[in-house]
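Coming up is one lone chain in structure tokens, specifically the form predicted alone.
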Amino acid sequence: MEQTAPTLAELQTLIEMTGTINMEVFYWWCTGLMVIIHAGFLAYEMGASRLKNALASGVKNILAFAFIIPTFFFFGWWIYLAMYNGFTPDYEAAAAGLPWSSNMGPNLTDNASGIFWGAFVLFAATTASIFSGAVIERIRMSSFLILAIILGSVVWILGAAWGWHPTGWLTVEWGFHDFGAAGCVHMVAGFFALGVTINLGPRIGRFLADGTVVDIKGHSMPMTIIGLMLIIVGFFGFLGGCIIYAGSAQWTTIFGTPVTLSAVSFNTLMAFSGGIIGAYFVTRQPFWMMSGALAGIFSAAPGLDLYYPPLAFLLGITGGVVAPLADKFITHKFKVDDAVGAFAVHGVGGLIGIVGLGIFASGFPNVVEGAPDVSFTGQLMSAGVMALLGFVPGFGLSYVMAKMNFLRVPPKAEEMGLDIVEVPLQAYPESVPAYSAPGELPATKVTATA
């Protein structure tokens, strides 16, 4: 049989399809890596909880993940596509995000919608997990899930539409630039958590009558530290999801500016190490060293595509130093009980990152046609928008819930432990007596002899 060489048109089609498949595979694995973030949050929060609350803290994370996926399918993705101009939706642009759209399911002509949706829904779940840690050991499961859905499928994605969309109004009008989503993910979730914890109140015994702060230790610091390291592993998938794969062209950011994985690798690792070192010098505590690593990455995240690596290192040190000090300040000064320092690590770390880019990258051009260059004023105002977008809904919704006595478990349930009340199951049943009742004795008593 005579073989014929492929035509130029066939070769072009083959090359284009190869690029499409490679793009699909890249985001597929980014999404898979991001699931590790949630394994990390699960271990992190369970370890940071006392024994009587360990499983309840884990179940919160599992359920938040499960509820956010369908709610993000039904309306979260539509918000991102529709609300880039502010609160006025673009119905035509958002039509592809409607649940019954041909883009929202199996479609051989669309290799992009599902994997981009998958990456974004993992970003959404991350915001809920950030918030989850701040409120462990005293929030009702039902109220937590409502707040998590609002944060993950409404609030954060509204911030993403404004500042993490190719034509979001923060970029088009103020020149906002935030490569690693320090604003719409970390600032929004951190400030949302702050708003809720103010109304939720501290755990019983956290503060004495004279205001003295009592340190409440989790039951497993090793589990917490391993969880934090897993979050950092998963964060490489998170940052991969922040990049636009352009086939045969150079990678770009969500803002259309050129970027390489090489640049992100340099700067992420330098900021990560700087965060550990900064927190070590301030606290010498392994918990804050690993939390400082996260704060360090967030403090450099907006400019991971731009920075000279030693600058990312210095920003990482800044985040690692400031985060534990910020947590100590709000705890002692305002008596806010943020159980894992979520506001300090994510809210303050993200704030350092957004404002820092305005200082160090002022004048960098965004590719979006007509958008102003990056500026200190634009970054500062955008940071204010992200802070308010997180804090106002978090505080407002939790205030209403608190007034309805729906936000917090009763004191008796809190003292008993949420594993019994909310799960109900014990995390470590072998550590308790085998007989539940004092009179329930074994049939045969065995006495050990020397």
Partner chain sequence: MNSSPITTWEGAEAYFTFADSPTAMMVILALAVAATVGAVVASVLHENHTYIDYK
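For clarity, every value in this text was computed on a predicted model and none was experimentally measured. Residue numbers count along the first chain shown, from 1.
There is another form of this protein, the form predicted in complex with its partner chain, and it is not shown here; the text below is about that form.
Checking 78-86, 142-150, 257-265, 174-182 against its partner chain in the predicted bound form, the stretch whose residues place heavy atoms within 4.5 Å of it is 142-150. Across the proposed site, Phe67, Gly105 and Pro410 without exception bring a heavy atom within 4.5 Å of its partner chain in the predicted bound form. When its partner chain is considered in the predicted bound form, only one residue from Leu418, Ile37, Ala383, Ala48 comes within 4.5 Å through any heavy atom, namely Leu418. Taking the partner from the other structure, its partner chain in the predicted bound form has a heavy atom within 4.5 Å of a heavy atom of Phe74.
Shown alone here, Phe406 lies within 4.5 Å of its partner chain in the predicted bound form, counting heavy atoms only. Although the partner is absent here, Ser101 sits close enough that one of its heavy atoms falls within 4.5 Å of its partner chain in the predicted bound form.
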